[in-house]
Ligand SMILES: Cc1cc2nc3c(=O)[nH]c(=O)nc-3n(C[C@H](O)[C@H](O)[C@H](O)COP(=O)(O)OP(=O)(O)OC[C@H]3O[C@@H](n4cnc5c(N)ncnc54)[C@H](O)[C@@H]3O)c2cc1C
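This document starts with one chain, in the form predicted on its own, laid out as structure tokens.
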Amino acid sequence: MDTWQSPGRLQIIRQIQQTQQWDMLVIGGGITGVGVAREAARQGLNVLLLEQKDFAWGTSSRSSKMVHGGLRYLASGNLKLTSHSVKERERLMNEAPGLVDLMAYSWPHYKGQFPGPKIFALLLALYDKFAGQKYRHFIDKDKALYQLPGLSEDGLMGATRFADAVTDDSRLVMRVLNEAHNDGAVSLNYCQVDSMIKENDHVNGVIASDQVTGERYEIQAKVVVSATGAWADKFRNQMGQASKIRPLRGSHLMIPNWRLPCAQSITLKHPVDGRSMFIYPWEGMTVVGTTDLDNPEMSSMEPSIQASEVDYLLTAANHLFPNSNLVKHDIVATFAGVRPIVSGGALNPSSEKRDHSIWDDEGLVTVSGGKLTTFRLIALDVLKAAAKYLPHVNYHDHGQRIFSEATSGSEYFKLLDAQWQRRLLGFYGQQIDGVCECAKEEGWALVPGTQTFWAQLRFAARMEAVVNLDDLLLRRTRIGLCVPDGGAQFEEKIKHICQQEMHWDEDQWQAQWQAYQATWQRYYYLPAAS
């Protein structure tokens, strides 16, 4: 879709105003919402998606980046969720290499720690059976220390190697949304749905407000789907329904890879409470995560890491790698996401189930819970619930591809090494030539200290519905997470691109830069108490 950037936003608003009734209106621009839009639009439905902030602004840009089956679900006996997740993981890796990639995992085994190698091998045997191939194998202590340098040797027996996948969750959202656009869906970020429109006790539309212009719109639709994740209770409460969501915060630390070298994901037990955690490589950095804490205040403010969580995560990393001696000064950035868990009343947040749930309240179909990995299956379940209002919709799983196959004929694409070609094709799919067009101006120069080309930044500013600077630096690209001070050292270069592509004058730039710096400092760095 080449009308995202201004004046494209005005064209989209005009189309919304001129459309008498949409078949489906989706609220929420995270992975669940764009997944629903993608599956509905491929069937020829007239679909509109509205996001109150930016696409992937919520949980879908702040997950642990893992596309995995979930060994914890297997261990708790949830075979169905594990099987579906592993099979969807394999599908995503096959369809979008470069965006969803296999990542090696290791579980170090220490004397007296559960599970031991034999029990863990039994779990992984079933895990691999779901995947249709064997990834697991045991390595002895010497090999474990060779492959995981710096690992604590005290009581170490060896490690079990297995595999899952990793992604850039925000780019995954954008790729799926582009597929929905290719099939005719329309989307608008920074457009907040305020309330439902009801007629004869049936929801038949919404009242929405443009967060850019302040305008309000009445939009009619045959069915409204709320895919707002941790905010799912908002509209159900308006319909007189009780709250069901237990928001759980998961926080992460971004550490320079040279400070904590890590070539694969390491699963560990926290030395204090025994919770499972991960330390893994991502975007040239090392990520330490995650926590699992109640986050009851769900407002329009962003979630952020708390001082106690910083200490908790550093304690785990320093316990597993005792010679690393990590301190707060080593942290480049942080991020915290809120998982939308459907509450079952468990005292321990980590004991809550991760399955998704769907409710139909008189034409408002709400979906929440579930895993990033299974977004396609969740979308089909939503279509099944919506079939009551859209009789001809087909919600059966026919195994259709999520992503269209993509190639590039650009001469600039051919200048890239194979690994970068693979990555950019995965990130952008059929939009790859637009990125190459930007490389004519920027060349293939990387933003220092990152795995992002300046051409990607320019492409996002030009073509990817960027409204605010944090959209560009925290979601379309991850410069704000990978460079100290949120990328302040590159201010002049970023300013030059934004003024060229987004036509910001000096006053607009200064306002955007100050707002971005405040956002980064408050929500993507250490809490003030630290």
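We number the residues from 1 along the sequence you see. The shown structure was predicted, so the numbers you read here are calculated from the model rather than taken from an experiment.
Here the subject shifts to the form predicted together with the named molecule, a form of this protein not shown in this document.
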**Study point:** Partner proximity in the predicted complex: T477 to the named molecule, non-hydrogen atom cutoff 4.5 Å
**Key:** no
Practice item. Give a yes or no for L372: in the predicted complex, does one of its heavy atoms lie within 4.5 Å of a heavy atom belonging to the named molecule? Key: yes
**Study point:** 4.5 angstroms heavy atom contact with the named molecule in the predicted complex for I245
**Key:** no
Check your understanding: Going by a heavy atom distance of 4.5 Å, is F490 a contact of the named molecule in the predicted complex?
Key -> no
Point to revise | Contact residue in the predicted complex, chosen from I266, L425, L313, V193 - any heavy atom within 4.5 Å of the named molecule | key: V193
Check your understanding: Of the options P108, G363, G429, G337, which one has a non-hydrogen atom that comes within 4.5 Å of the named molecule in the predicted complex?
Key -> G337
Practice item. With the named molecule left out here, work out from 481-489, 497-505, 464-472, 49-57 which stretch has heavy atoms within 4.5 Å of it in the predicted complex. Key: 49-57
Check your understanding: Mind checking whether each of V36, T82 and R376 has a heavy atom within 4.5 Å of the named molecule in the predicted complex?
Key -> no
